[in-house]
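Next up is one chain by itself, shown in structure tokens, the form predicted on its own.
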Amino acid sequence: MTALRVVLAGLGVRGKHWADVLTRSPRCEIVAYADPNPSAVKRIAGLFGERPAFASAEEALAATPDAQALVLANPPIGRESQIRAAVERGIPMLIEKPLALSVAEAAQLVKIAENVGVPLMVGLNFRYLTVTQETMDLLASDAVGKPEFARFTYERYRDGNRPDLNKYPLTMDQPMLWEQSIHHFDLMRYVYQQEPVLVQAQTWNPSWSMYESDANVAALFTFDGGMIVNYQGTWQSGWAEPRFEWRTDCSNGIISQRDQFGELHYAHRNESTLTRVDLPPHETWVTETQALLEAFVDTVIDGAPLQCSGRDHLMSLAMVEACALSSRESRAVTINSLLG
């Protein structure tokens, strides 16, 4: 079996995960690195092996004629030239979320790829968590009835100055929404198989926040199938201990996820205790990224339908942008109004 030859661009925190997963995969081979930071290149080369290294994805693609795929794990800024360089060569792309920092820019990037039929997949790894799949199975089985409303709570004190975290969120606009909530909003769409219609939201920054823009989000979403989801997320919690709960109330019980990577339970209405759903072992940031990569390779090599497409991603980005607009203008926002 011939391995897929991959250029890996962006060798920061997420790039390290990708280098690990790509190196482990029997179906992939990293043929070049791209990062403007020589120290990042040296670190990744020391961990995963020397490869030809370039300052940009454009340079790497131009100098690597045998490349067959591009993984972009860099910040969501200035990606158009990188995507055009891949599209000109007909090279499929797997790009870390968010695709861009506005719906309009993301839509333009999607159009560039779609116009010539080049696959563009967005790295929404949380869709591939076993806990996500098990939650969907519970809903599909009607084990606790029809879902009607939910509460999604994510609380974290994210120390943006930690050396193992990317620094650009410290100064970006709405960092919680664009870097973290995007995952949560996408999961709501994916798990409930419904599209958002309306949101009323408020974003703010606590007095102790190290972020220049709002690190806290509260939002109430209405979906086209009737779901109502009450969301609260923070990167600047008053307590450093992280907390997570995604509770879905259904016509005959609840589903409760108490850790973003696992700990799934359910209960019927009149039961006094929760029933635990057994999940397989999980290596954080690796197991679900491996599943994401497999889906991408299935498309590129085997011609399987594209998952997590750039086109689909636009709706999740619209949820983010709608929250920011709702907070700024103190009004409810219709999600579709941002999709043109």
Ligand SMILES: NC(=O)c1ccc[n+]([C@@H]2O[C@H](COP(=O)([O-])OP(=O)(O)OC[C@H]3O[C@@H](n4cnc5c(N)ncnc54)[C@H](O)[C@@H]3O)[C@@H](O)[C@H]2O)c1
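Throughout, we count residues from 1 along the sequence that is shown. All of these numbers come straight from a predicted model, not from anything done at the bench.
Not pictured, yet referred to below: the form predicted together with the ligand.
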| query | finding |
| --- | --- |
| Candidate from Asp249, Glu96, Glu105, Glu134 lying within 4.5 Å of the ligand in the model of the complex - any heavy atom | Glu96 |
| Heavy atom within 4.5 Å of the ligand in the model of the complex - the one residue of Ser209, Thr203, Thr222, Asn166 that qualifies | Asn166 |
| Heavy atom of Pro76 within 4.5 Å of the ligand in the model of the complex | yes |
| Contact flag, Leu317 vs the ligand in the model of the complex, heavy atom cut 4.5 Å | no |
| Contact label in the model of the complex: Ala9 to the ligand, heavy atom within 4.5 Å | yes |
| Exercise: Glu155 in contact with the ligand in the model of the complex, heavy atom 4.5 Å | no |
| Stretch in contact in the model of the complex with the ligand, which is absent here, among 189-197, 109-117, 123-131, 239-247 (heavy atoms within 4.5 Å) | 123-131 |
| Stretch 259-285: residues contacting the ligand in the model of the complex, 4.5 Å heavy atom cut-off | Trp285 |
